[in-house]
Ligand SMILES: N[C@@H](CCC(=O)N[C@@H](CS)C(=O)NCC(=O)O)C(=O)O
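Encoded as structure tokens, the following chain is the form predicted on its own, with no partner shown.
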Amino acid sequence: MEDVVVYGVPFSSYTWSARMALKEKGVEFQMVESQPHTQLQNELYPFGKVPAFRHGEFTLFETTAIMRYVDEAFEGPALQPETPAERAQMDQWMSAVNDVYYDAMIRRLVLERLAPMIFERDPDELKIKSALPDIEHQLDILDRRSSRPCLLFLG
């Protein structure tokens, strides 16, 4: 098999998603740590974000494209639903996570809590506090749409 490489920051939720898709398919891969906006990452991903992906001479960026490629290019259990309606719902929720949930849950909560380690600054407590009602609303939506409740203590 040609070399499979994921380029990104290991703790990035998007890098994790690409890696999980590869693990689910049973694909061996190399993880190359590459920070956003470095020369390497800018060459692989025109917007300098993470992750980027290489399979032999073929390269991709954007997590959704990487995961879809992994599902279709490699043997192993299907990662996508079978029916068009189920795939559309999958796309709908992936888009919602990227467009809505990520801002409140990751940017305004998680990254702010990790600010001392990542950005070498104190967390912005006002930003965190402003995220909590949005997160509560978003989790409520997931709870109503899912058979399993989303448990997160926001107190």
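Keep in mind it's a predicted model, so treat the numbers as computed, not measured. All residue numbers refer to positions in the sequence shown, first residue = 1.
There is another form of the same protein, the form predicted together with the ligand; it is not shown, and what comes next is about it.
Asker: Using heavy atoms and a 4.5 Å limit, would one call P116 a contact residue for the ligand in the model of the complex?
Answerer: Heavy-atom contact with the ligand at 4.5 Å: absent for P116.
Asker: Residue-level contact is defined here as any heavy atom of the residue lying within 4.5 Å of the ligand in the model of the complex; does E62 satisfy this criterion?
Answerer: Yes - in the model of the complex, heavy atoms of E62 and the ligand come within 4.5 Å of each other.
Asker: Even though the ligand is not shown here, does S146 get within 4.5 Å of it in the model of the complex, heavy atoms only?
Answerer: It does not: once the ligand is placed as it appears in the model of the complex, S146 has no heavy atom within 4.5 Å of it.
Asker: With the cut-off set at 4.5 Å between non-hydrogen atoms, does Y69 touch the ligand in the model of the complex?
Answerer: Judged by the heavy-atom cut-off of 4.5 Å, Y69 is well away from the ligand in the model of the complex.
Asker: Would you point out which of 120-128, 83-91, 22-30, 47-55 contains residues with a non-hydrogen atom within 4.5 Å of the ligand in the model of the complex?
Answerer: Residues of 47-55 come within 4.5 Å of the partner.
Asker: What residues, if any, in 24-48 have a non-hydrogen atom within 4.5 angstroms of the ligand in the model of the complex?
Answerer: Residues within 4.5 Å: P36, H37, Y45.
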